[in-house]
Structure formats: structure tokens, C-alpha cells
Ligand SMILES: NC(=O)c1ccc[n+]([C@@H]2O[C@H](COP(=O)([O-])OP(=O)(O)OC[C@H]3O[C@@H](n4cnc5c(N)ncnc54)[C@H](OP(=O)(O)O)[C@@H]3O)[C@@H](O)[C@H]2O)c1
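Have a look below at one chain only, the form predicted on its own, in C-alpha cells format.
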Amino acid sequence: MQLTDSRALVTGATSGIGRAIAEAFGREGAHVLVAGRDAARAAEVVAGIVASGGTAAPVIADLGAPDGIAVLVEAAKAHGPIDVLVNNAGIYPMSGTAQTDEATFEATMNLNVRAPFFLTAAFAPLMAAQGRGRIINISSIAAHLGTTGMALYGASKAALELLTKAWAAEFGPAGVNVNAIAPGPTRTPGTAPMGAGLDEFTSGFPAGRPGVPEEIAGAAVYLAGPGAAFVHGATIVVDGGRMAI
């Protein structure tokens, strides 16, 4: 197992990609801190990891709340040093620029940029002090493509990818690997309302279909594991080939 004896904090771990990452980390031997707003959903994910032979614990916080980041940091620190931080929690509003109100703008930047920034600010120095650590930011191919209706979301993820590079420069010399994953369209509860439209949209990709969360989780396991020791400031695109065409 690649992550034995490590402790991983995964935000937004109660659903979709975050849940798949938490479960994959559990299978690879990590003690997983399942972070989310909903205690019942977090408990369900924890129970599944434990039933599969792993170890996990819930850490409950609303990262969109004014004190949410501080609450999560303190709850996570109570479990001991964090070796792997996955900044996955986020929202993805889709609307035209003129139709996007200030509340939506602030909520998106708050959760997609501010939360990863200050969680990294809290944990990266501690990782650096112990001479090792991994930070994985979940971005999107929307950071690389100009798409109608996704200006705000894409901008927030582009900011996260720039932060990934800056943090690699800042913390890499102390043994902390900071990287990102940019998923393409993925079948999750969040994209369920798209129904067959998601299949139609991705039918022209080289893969010919949308991704599934477990495929994104595989990239996260790689970046968290020993095989990625020489990978710093990179964004791994897992999009079924969308960026290639």
C-alpha cells in the first residue's frame, strides 16, 4: 500500500470526486480525515472506509462560513500531523457574466480560492517543518478553456492552478510537493442533473464518455504516493482527452 502510516485530510469528501479520493486513500493505507459539512454523510463515508479495512474519522466544518477554515484546521490538528492535504471542496456555478451576482461571485471565490489558500497556509508550514508533505489541489479543465457560462468558475480554478505553482516554489525546497489535478466532465451527483447531456457532450472526446470519480482518485493516489516525489507544481489533466482536441 502506497500511503501506509500517512494521515490525509480531504475536503469535500462526502460526495463525488472527494469521496472517491478519500476511499482510495483508505485502501492505500492512509488514515483519512473525511471533511464535509454534513455529519451524517461524513459518517457514511468513514463507515465505508472502515468496512473496507481502512481507518478514517470525520471532521465537520463548513468552509463557506466565516469561521469554517479555523474550525477545520483545529479539528484536523487534533488527529495529529497532516501528511497529505487535498483541497477538493468547491462549487461550480454556471451562468453568464452579466447574470452572475456579487453573492455568487463571493461564494465561489471564497470556497474555491480562499479556503485552499488558508488551509495551505495552515498546513504547509507544518509539513515543511517535518521535511515532507503533499498538497493536491483539485482544479478543472475549465481553468484552461474559455467557455460561455463558466467565466467565474474557470477563473477560480485558474487562480488555484497559479497558487499550485507558487506553493511548489515556496514549499518544495522544504520537501512539500504541491500539485493539481484538472478533471474533465465527470459523472458525479453534482453533474447528475445533466443526465444524458453529459454523455452527448463527451461523446466526441477521445475517450468517448465522461469520467468517473475513481479515475480522478487514481491520479490523487499517484500524487500522494512515493512515485511522485519528483513532481512539483504540475497539473495532471484527467479529462478523457478533451484538452488534446
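Keep in mind that this is a model prediction, so the values were computed, not measured. A residue's number is simply how far along the shown sequence it sits, counting from 1.
There is another form of this protein, the form predicted together with the ligand, and it is not shown here; the text below is about that form.
A heavy atom within 4.5 Å of the ligand in the predicted bound form is found for one listed residue only; from Glu44, Glu214, Asp199, Asp38, this is Asp38. Checked against the ligand in the predicted bound form, the residues Leu111, Leu163, Leu152, Ala124 give one hit for a heavy atom within 4.5 Å, which is Leu111. Only one of 96 to 104, 132 to 140, 77 to 85, 164 to 172 places residue heavy atoms within 4.5 angstroms of the ligand in the predicted bound form, namely 132 to 140. Looking at Ala22, you'd find every heavy atom of it more than 4.5 angstroms from the ligand in the predicted bound form.
Not displayed here, the ligand is kept clear of Gly29 by more than 4.5 Å at the level of heavy atoms in the predicted bound form. In the predicted bound form, the ligand sits beyond 4.5 Å of every heavy atom of Gly208. Among heavy atoms of Gly64, some come within 4.5 Å of the ligand in the predicted bound form. The candidate site formed by Thr14, Ile17 and Tyr92 is fully in contact with the ligand in the predicted bound form, as each residue has a non-hydrogen atom within 4.5 angstroms of it.
With contact defined as any non-hydrogen atom lying within 4.5 angstroms of the ligand in the predicted bound form, the contacting residues in 163 to 188 are Pro183, Gly184, Pro185, Thr186, Thr188, given in sequence order.
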